[in-house]
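Shown here is one chain on its own, the form predicted alone, set out as structure tokens.
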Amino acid sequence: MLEKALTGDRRYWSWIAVLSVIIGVGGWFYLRQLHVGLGITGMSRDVSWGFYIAQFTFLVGVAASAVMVVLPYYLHDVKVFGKLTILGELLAIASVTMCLLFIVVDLGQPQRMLNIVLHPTPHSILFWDMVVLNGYLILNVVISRTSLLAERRGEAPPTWIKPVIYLSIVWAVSIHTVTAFIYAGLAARPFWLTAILAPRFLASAFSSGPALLILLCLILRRFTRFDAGDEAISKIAVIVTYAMAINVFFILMEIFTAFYSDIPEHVEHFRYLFVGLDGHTRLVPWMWASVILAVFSLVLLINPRTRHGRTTLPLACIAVFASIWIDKGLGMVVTGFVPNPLGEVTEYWPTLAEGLITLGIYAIGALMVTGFYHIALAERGELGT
């Protein structure tokens, strides 16, 4: 089956070549990081989690989003999602792989990962995060491979795969819930100390991930014979609409609670995000861009006419994805450290090395998605335009 990824037209190999170059550049900077240490990043004693862990947090949500097509198809018999389930599962595999790679580059010394296996600590949330992430990866590998092999043979998937699929639905919720617990369990960080952090993470996941899946479906429609169907895309767009609305509602709840209570430890983090603190305003334009994109996306998604528009729907999905990436992939993690528990402000910004290593990992994810989708469509005879 993997041999199908080694055949393709000129566009396919040109895209592979571009991704390979980006991966090579990112790999070179990672080797430099291994040699020099995390000193080449913008992280410090006060901001010990930066761009890497922020991307990990964001991509956990993208991985969990596969459940939004798997659950309706298998539990509610929404047949129009039949062609999309395999795409969601393959996207989940690539997303979890990127999550694990971001953890590796953040550790500085990757061999330290073995400590979790050799010296397990079940009372640690990080231990359970390792369990749920790797478990979800294995589940999606088993499900997608079994489904593709059944399609190749022209048979229905074996009956034993159904319980595994049902388990993956529950597991998808667990990966982002446990990730939220990592932050919410740190009592000295008031920005993360909230009971709705896990629901907020899930709402953002169920909007950004399906939005990306819609964009991928539209790209495949443009360059291949694959067509998910307008009805399926419309139903996913409705899911994105509700999830994004709930995500924005949760953020507004957080802001109201912080400012109405006027507890300085809670207010200062939001002030740093949206107006700056003690003259430090590095994240302010980014967060307002996230707000504008969120409002713009909701305006397009809530209106049925623009939600179904061939031009406006892609714009709305890009706005959703970008808004949540800024919120979770840039602001969420960093702001938990600013100001520190002593009230001091140490600003953080990713360095060029961090940015290129990050870009390299995203290129690995894009390469995996490209190869996986190429295999899946080749099995179905839907390659080519």
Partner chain sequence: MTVDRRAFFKLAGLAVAAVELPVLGAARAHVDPPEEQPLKGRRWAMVVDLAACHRYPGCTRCMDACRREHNVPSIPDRKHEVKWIWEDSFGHAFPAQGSPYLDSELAGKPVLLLCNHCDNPPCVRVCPTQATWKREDGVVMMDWHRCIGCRYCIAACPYGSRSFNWVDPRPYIKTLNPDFPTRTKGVVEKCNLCEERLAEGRIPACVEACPAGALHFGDLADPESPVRQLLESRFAVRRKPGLGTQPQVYYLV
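Positions refer to the first chain, counted from 1. Note that this is a predicted model, so its numbers are computed, not measured.
There is another form of the same protein, the form predicted in complex with its partner chain; it is not shown, and what comes next is about it.
Report task. Please name which of the stretches 57-65, 356-364, 340-348, 314-322 has residues with heavy atoms lying within 4.5 Å of its partner chain in the predicted complex. Result -> Of the options, only 340-348 has residues within 4.5 Å of the partner.
Query raised in the report: Is there a non-hydrogen atom of F127 within 4.5 angstroms of a non-hydrogen atom of its partner chain in the predicted complex?
Result: Yes, contact at 4.5 Å.
Query - Interface membership of W288, its partner chain in the predicted complex, 4.5 Å heavy atom rule - result: No.
Requested in this report: State yes or no: in the predicted complex, is some non-hydrogen atom of G27 no more than 4.5 angstroms from a non-hydrogen atom of its partner chain?
Outcome: Although its partner chain is absent here, G27 would stay clear of it in the predicted complex, with no heavy atoms inside 4.5 Å.
Query raised in the report: Hey, in the predicted complex, does T159 get a heavy atom within 4.5 angstroms of its partner chain?
Result: Although its partner chain is absent here, T159 would stay clear of it in the predicted complex, with no heavy atoms inside 4.5 Å.
Query raised in the report: Which one, I255, I116, V164, V141, lies within 4.5 Å of its partner chain in the predicted complex by heavy atoms?
Result: The option sitting close enough to the partner is I116.
Query - Contact residue in the predicted complex, chosen from R153, H123, K79, R222 - any heavy atom within 4.5 Å of its partner chain - result: Selected residue: H123.
Query raised in the report: So which bits of 86-111 sit within 4.5 Å of its partner chain in the predicted complex, heavy atoms only?
Result: Heavy-atom contacts to its partner chain in the predicted complex: D106, L107, G108, Q109.
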